[in-house]
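Okay, here we've got a single chain as structure tokens, the form predicted alone, with questions on binding and movement later.
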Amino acid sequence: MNWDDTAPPADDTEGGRLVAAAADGDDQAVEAALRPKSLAEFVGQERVREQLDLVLKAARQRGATADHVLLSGAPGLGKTTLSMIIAAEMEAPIRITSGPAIQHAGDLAAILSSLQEGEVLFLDEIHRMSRPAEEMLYMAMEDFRVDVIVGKGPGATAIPLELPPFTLVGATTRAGLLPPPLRDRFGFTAHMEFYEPAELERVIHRSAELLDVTIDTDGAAEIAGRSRGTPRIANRLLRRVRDYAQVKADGFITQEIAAAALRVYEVDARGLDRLDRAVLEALLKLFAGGPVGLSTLAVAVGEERETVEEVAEPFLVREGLLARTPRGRVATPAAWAHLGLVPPQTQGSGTAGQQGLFRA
């Protein structure tokens, strides 16, 4: 049960989707109660946990602040949770902010100058910080010092301001956007992977216990299989299945109850929701599996181009249901199989658009 719940998401394109990885207000309130408090409680990310444990233990033995930490990976995998665990393990306070909130060097200087010795500064979406603030951060991370500019023009003077030692924990969903000088100043860098179903089952059982929900092994497995490898989604689906079980059954979640509940919420056995299936159905039924341009596909679905590209496509590509090619988007054989359709080349005569409608 590891999720991120800091500053507002980079955009609103996933708002309202049950399988959205970004946190909403309801998620933040629940996650605060469910969040693990130590590395020992943290589920999954075994390699990252082991490496981070060594970094923190070594720092404590030296009586020093921990090295700066960079956490990268998709939303909902536990970057905020790990930042809070770092602070807890180091017995230090934590300050939370985000890159979009720091648009001027003065914004960052105000935060840095108010830090206590050993404090953890969690900077979410660090790749979205302004360039002037980014350049100030270089010196702060390396020398624990910033230069405050007093005055303007030729008479401006740089006054060095010493900072207490602190630990910066940066989080990003797009590590490739970080400039090398910033990336190189982190002493420890970790990439967080999507979770395996067995790990998500552990997440769900732990959350169910904390939420006082009764669920059996098969029920947890059913939810885990539809959670897109993301703990935040697993917990959101668990809460919706809990509601269904409370109203439609006796409150006990079995495989049958979980499957019935998620059918109501239009999340299929593979974790696809209405938007995902709409994209696949348009690609298969209207364009015979492609290739088709992104803009054309978006018009067919009735969504903005950016919504299809940034919200639906990443999961469909990761699941091997859709491929991006120089000529456009193409459905894979797995996409035809998932929707129960037969690819045109295996059928008899008929137009491409009609062929895609035939059921296997």
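None of the values given here were measured: they were computed from a predicted structure. The first residue of the sequence shown is number 1, and the count goes up from there.
Only in words, not in the display: the form predicted together with adenosine-5'-diphosphate, which the text now covers.
Asker: Looking at 284, 257, 203, 169, which has any heavy atom no more than 4.5 Å from adenosine-5'-diphosphate in the predicted complex?
Answerer: Of 284, 257, 203, 169, the residue with a heavy atom within 4.5 Å of adenosine-5'-diphosphate in the predicted complex is 203.
Asker: Note which of 48, 301, 34, 56 lies within 4.5 Å of adenosine-5'-diphosphate in the predicted complex, where distance is taken over heavy atoms; exactly one does.
Answerer: Flagged contact: 34.
Asker: Please determine, with the chain shown alone, which of 88-96, 232-240, 267-275, 108-116 has non-hydrogen atoms within 4.5 Å of adenosine-5'-diphosphate in the predicted complex.
Answerer: Single hit among the candidates: 232-240.
Asker: Report yes if any heavy atom of residue 225 sits within 4.5 Å of a heavy atom of adenosine-5'-diphosphate in the predicted complex; otherwise report no.
Answerer: No, residue 225 is distant from the partner.
Asker: Might residue 74 be said to contact adenosine-5'-diphosphate in the predicted complex, defining contact as any heavy atom within 4.5 Å?
Answerer: Judged by the heavy-atom cut-off of 4.5 Å, residue 74 is in contact with adenosine-5'-diphosphate in the predicted complex.
Asker: Although adenosine-5'-diphosphate is absent from this view, report whether residue 43 comes within 4.5 Å of it in the predicted complex, heavy atoms only.
Answerer: Residue 43: contacts adenosine-5'-diphosphate in the predicted complex.
Asker: Which residues from 75-105 come close to adenosine-5'-diphosphate in the predicted complex, meaning a heavy atom within 4.5 Å?
Answerer: If the 4.5 Å heavy-atom criterion is applied to adenosine-5'-diphosphate in the predicted complex, 75-105 yields 75, 76, 77, 78, 79, 80, 81.
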